[in-house]
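Shown here is one chain on its own, the form predicted alone, set out as structure tokens.
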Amino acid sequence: MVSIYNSIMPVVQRLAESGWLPESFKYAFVFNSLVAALVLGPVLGGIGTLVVTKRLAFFSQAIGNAALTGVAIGIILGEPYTSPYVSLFSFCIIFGMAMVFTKNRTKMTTDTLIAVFLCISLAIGACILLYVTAKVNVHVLDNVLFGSILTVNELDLNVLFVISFICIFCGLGFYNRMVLSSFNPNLARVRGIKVIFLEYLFILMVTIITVASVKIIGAILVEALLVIPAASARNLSRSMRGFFFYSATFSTLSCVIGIVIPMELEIPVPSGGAIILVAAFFFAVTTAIRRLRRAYPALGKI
């Protein structure tokens, strides 16, 4: 993957210098961000369909906040503040697995449990945040919260490639069983599907792809890219296949457009915010299309 990356980048830079591509593409950090967007978009879009189906929209928000706490812990333990991946992944995975473990052994509803763990994570983060900001520039935390294309490097891309491969491999292998266990867990159990195992696996997938997305989209906004493209896709889709395809498409386009437009127009906005605004635009358009289809049934055949 690294060799492919290194062979493609000079070609893109030459096309940008000759005018065939936007001039900003000649910069390595822009190319890094676009590669991340093209990898991240389809994965988040595909996983987002299951997040919406399972009604776990706020779980990704909880993981995003846990990621901020994980970064703070990593800084305290002496990890590089630009990539504290050991503490980041460790804390978030423990956080997600603990939540599922508690859910399966209590009668609490999912939303209540997510709220409890979210508050715990925020409390831990608040307790150590003051110490962390005294050690590093506070703007580093802004990049974690809202994302920044300027901070994406080859290490981040390598982590993203590995995590995306794991999610794609698991997703393609278990997607249909995950969908069935979401709609009808009892029927899934009758058919011999290991519902509890799939639940842990899915939470693990959401957790690791959320953590891998923090530098591009930001800890606060990563939930939106899991949910909004899937919600837009639901406005248009008539089948699970269409649902998946539209969601992946909207997510990828949101990532690419949200990175390119601010660069070309020289608008100083966080990449995460721009990406989510583009996703929100797609949601508004697809919502309008859905309303038109209901008002004029003949349009539903188009």
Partner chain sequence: MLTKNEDPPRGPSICFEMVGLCLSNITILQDVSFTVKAGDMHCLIGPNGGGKTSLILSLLGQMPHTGRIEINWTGGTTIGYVPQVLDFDRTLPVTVNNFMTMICQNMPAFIRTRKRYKDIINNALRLVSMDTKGERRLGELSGGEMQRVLFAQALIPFPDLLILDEPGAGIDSVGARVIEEIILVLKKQKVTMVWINHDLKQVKQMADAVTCIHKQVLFSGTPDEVLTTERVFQAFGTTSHGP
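Positions refer to the first chain, counted from 1. Note that the coordinates shown come from a computational prediction; the quantities given were computed from them, not determined experimentally.
Beyond what is shown, the protein has a form predicted in complex with its partner chain; the following relates to that form.
At least one heavy atom of residue 244 is located within 4.5 Å of its partner chain in the model of the complex. By the criterion of a heavy atom within 4.5 Å, residue 196 is excluded from the residues contacting its partner chain in the model of the complex. Residue contact check for residue 234: one or more of its heavy atoms lie within 4.5 Å of its partner chain in the model of the complex. Its partner chain is not drawn, but in the model of the complex it has a heavy atom within 4.5 Å of residue 187.
In terms of contact with its partner chain in the model of the complex, the residue from 101, 165, 183, 131 that brings a heavy atom within 4.5 Å is 183. Think of it this way: in the model of the complex, its partner chain has a heavy atom of just one of 127, 172, 94, 116 within 4.5 Å, and the residue is 172. Screening 173-181, 205-213, 83-91, 118-126 for residues having heavy atoms within 4.5 Å of its partner chain in the model of the complex returns a single hit, 173-181. Residues 234, 237, 238, 239, 240 are the ones in 221-240 with at least one heavy atom within 4.5 Å of its partner chain in the model of the complex, listed in sequence order.
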